[in-house]
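Here we start with a single chain on its own, the form predicted alone, put down as structure tokens.
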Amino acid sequence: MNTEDEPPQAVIELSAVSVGHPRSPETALLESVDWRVMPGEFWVVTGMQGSGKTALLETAAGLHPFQTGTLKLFGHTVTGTEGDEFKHQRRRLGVVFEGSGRLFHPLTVAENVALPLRYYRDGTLEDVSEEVIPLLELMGLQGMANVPSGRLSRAWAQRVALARALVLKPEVLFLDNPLAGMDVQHVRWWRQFIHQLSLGHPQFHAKPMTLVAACDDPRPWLELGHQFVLAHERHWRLLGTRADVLANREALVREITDAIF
């Protein structure tokens, strides 16, 4: 059967989804979210702290239960009760969490990065070293391989978290406010590396990776993102492209863009 003419399938699809607060599930942070992310797109979700960006990313990744609506990942409906049968789909997603990336501090950099491979293959660090070492080299982490992650600065910990998220070579990468607190040099590295992923990095399938970045400050992502969204007062606002945002004269949008663009 020839599928070349079939339209591409959304990798993430939320229909009328209400996202609950992680510590108070009955409280909605975002309501009635309708969102389709297509392969190779780069979405930037911005908003004030506490607006629900993190909960939204974790919901879209299938990590956070939602109140109402429907979530599909790679065409499969997520109910939260899939168990092991959903392992294959989860392997296609990578997540870089906010802060220090939720690394295991007693483990070394190499051990943290190797965790997903070891989990899915039930192997040792030595068993997966041929894949871990080149990734550490690519990301400038080879000199830290044996350093406990708890001794790293926040910026380097975030880079280790990125390596861990990429070690399975996912099709979709979620980034939760990854540039917060970084100096110019680290921000420059991240922008260049993420741009390469967006275009299609030769070490990651050589095709554009689907990216979703949540951020308090969207300025570092302006030249990279394809679509911009605002989370504000429980509402999900599609702002469009950078050009659309700059052309929008609505008072709320102007208040944001005057401050951040």
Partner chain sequence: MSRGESSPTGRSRLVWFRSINISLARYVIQGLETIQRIGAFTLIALGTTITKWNVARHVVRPLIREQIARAGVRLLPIVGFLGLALGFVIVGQTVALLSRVGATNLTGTLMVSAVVRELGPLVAALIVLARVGTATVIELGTARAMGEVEALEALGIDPIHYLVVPRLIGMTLSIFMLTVYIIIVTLVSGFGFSFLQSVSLISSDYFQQIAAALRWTDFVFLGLKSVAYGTLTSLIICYHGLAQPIRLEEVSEATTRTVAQCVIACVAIDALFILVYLLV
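Residue numbers count along the first chain shown, from 1. Fair warning: this is a prediction, and the values are worked out from it, not measured in the lab.
Same protein, other form: the form predicted together with its partner chain, not shown, and the subject of what follows.
Although the partner is absent from this view, residue 23 contacts its partner chain in the model of the complex, with a non-hydrogen atom inside 4.5 angstroms. Taking the partner from elsewhere, residue 103 is found to have a heavy atom lying within 4.5 Å of its partner chain in the model of the complex. Contact check for residue 136: every heavy atom lies farther than 4.5 Å from its partner chain in the model of the complex. Though the partner is left out of this view, residue 93 does reach within 4.5 Å of its partner chain in the model of the complex, counting heavy atoms only.
Shown without its partner, this chain lists 151, 87, 154, 188 as candidates; in the model of the complex, only 87 has a non-hydrogen atom within 4.5 angstroms of its partner chain. The single contact residue among 75, 181, 123, 140, judged by any heavy atom lying within 4.5 Å of its partner chain in the model of the complex, is 123.
In this stretch, 148-163, not one residue has a heavy atom within 4.5 Å of its partner chain in the model of the complex; the partner itself is omitted from this view.
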